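Let's start with one chain on its own, the form predicted on its own, as structure tokens.
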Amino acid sequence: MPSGLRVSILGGGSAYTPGLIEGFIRLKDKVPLERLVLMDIDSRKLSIVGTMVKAMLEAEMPGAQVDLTQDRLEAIRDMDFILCQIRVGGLAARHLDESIALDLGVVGQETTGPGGFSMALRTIPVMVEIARDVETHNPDAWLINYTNPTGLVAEAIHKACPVKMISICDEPMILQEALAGFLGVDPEAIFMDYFGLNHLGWARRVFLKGHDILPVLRQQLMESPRVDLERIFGSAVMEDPKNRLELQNTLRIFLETGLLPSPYLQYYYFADEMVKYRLASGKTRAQEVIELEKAILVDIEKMSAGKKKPEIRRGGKWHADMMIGLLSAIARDSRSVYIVNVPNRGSMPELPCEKVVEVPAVVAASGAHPLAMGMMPAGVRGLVQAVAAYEELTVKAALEGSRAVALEALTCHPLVPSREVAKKLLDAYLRTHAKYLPQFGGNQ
């Protein structure tokens, strides 16, 4: 590995960025930085977050060069790693995605169900453009994507462009670190037999010193179900009612099924409850995040001005640990195991070979190589296959601008109750987000 990595972040004005930079600082001996480029189309957020990031690195990694830009190609050329966390249409578009679904009595969520469908239609063309820019201007670089919906974006890029890419989500690592915290062991001491799609995955076994601990853990929780979530996750995480409900439902699914699920499985297992919960709140989750982001940006300005003690309120350790660990595995060719989103290639034999799946993979300088995870339990196989078909059709619709294929995609999603509802959702999304969906102009 060179003396330091050259890393850029597309969407660098995000409130997540300081948490990621804190991780680079914490792990600077493992992953030193030579140059960091933050790129964002929002000049105000870029300036606010960039000022704090510069101060953080000047204090802890004074040799690292920091540049801010609104020029995407500047953030692509001469980089070793290009990290991507963009949001096409911003949080305002997310609010519309969620509220349109909720108005029709359907789960309104950023990545799951119709909301994720709408987000994918907007995001996939832009992400393919970025991948092609990387292929043209810096083909040796690694594109590390965590732009949502992660799995669909990864599948689209793999279909459209041969760029070097790994797509990640920190939810499996959150599960692993939370479980390790509960057990009082190092996260690296446990291995999760994890399978599925992004935001639709389960650990069917968790090994500690060669033994599957899930059956014993489940029995203990069933006998004494009171779990101190604050101790495991921290009070800052648990003060958000959304996080508390999500974690409670994750434990609920585990106790009922014996499978340790991604928290997003609550939208499938308890869809009616989730719709009622969100409607009763009077706000979409996007509106809550908009308020949170405003408060964070104000805090960042105060921190940069020395008027407030620095603290990381969004993103944080789990996200940073996975990202930086992944970069280190590639740069050092360490052959470390991470749960990532990669083409199936036989890892899950009941899904198509090139379908992007979320499974453990050996990550090295040559990329991510998925482990064989075998057959799915019968109780979840149908759900995964249905969502896999939806994802395949959604990617095709986004790349081709086909309204007919888009309707087929929505119709086969398990959270969409009928074809008539699918038509209403599609009409509303295409009309509302027309400026972000030029590929659908005139196509039926």
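Values in this document were obtained by computation on a predicted structure and should not be read as measured data. We number the residues from 1 along the sequence you see.
The same protein also exists as the form predicted in complex with a small molecule; that form is not shown, yet it is the one meant from here on.
Original post:
Heavy atoms within 4.5 Å of the small molecule in the model of the complex: which of the stretches 73-81, 137-145, 166-174, 182-190 has them?
Top reply: Result for this chain: 166-174.
**OP:** Indicate whether residue 110 is a 4.5 Å heavy atom neighbour of the small molecule in the model of the complex.
**Re:** Flag for residue 110 set to yes.
Original post:
Can any non-hydrogen atom of residue 317 be found within 4.5 angstroms of the small molecule in the model of the complex?
Top reply: Close contact is absent here: in the model of the complex, residue 317 is far from the small molecule, nothing within 4.5 Å, heavy atoms only.
Original post:
Does any heavy atom of residue 289 come within 4.5 Å of a heavy atom of the small molecule in the model of the complex?
Top reply: Although the small molecule is absent here, residue 289 would touch it in the model of the complex, with heavy atoms inside 4.5 Å.
Original post:
Applying a 4.5 Å heavy atom distance criterion, does residue 122 contact the small molecule in the model of the complex?
Top reply: Heavy-atom contact with the small molecule at 4.5 Å: absent for residue 122.
Original post:
Which listed residue (204, 355, 158, 199) meets the criterion of a heavy atom within 4.5 Å of the small molecule in the model of the complex?
Top reply: Of the candidates 204, 355, 158, 199, 199 is the one lying within 4.5 Å of the small molecule in the model of the complex.
**OP:** Scan 369, 242, 218, 332 and let me know which has any heavy atom within 4.5 Å of the small molecule in the model of the complex.
**Re:** It is 242 that has a heavy atom within 4.5 Å of the partner.
**OP:** Would you check whether the small molecule, in the model of the complex, lies within 4.5 angstroms of a non-hydrogen atom from each of 195, 269 and 413?
**Re:** Checked in the model of the complex: no contact with the small molecule for any of the three.
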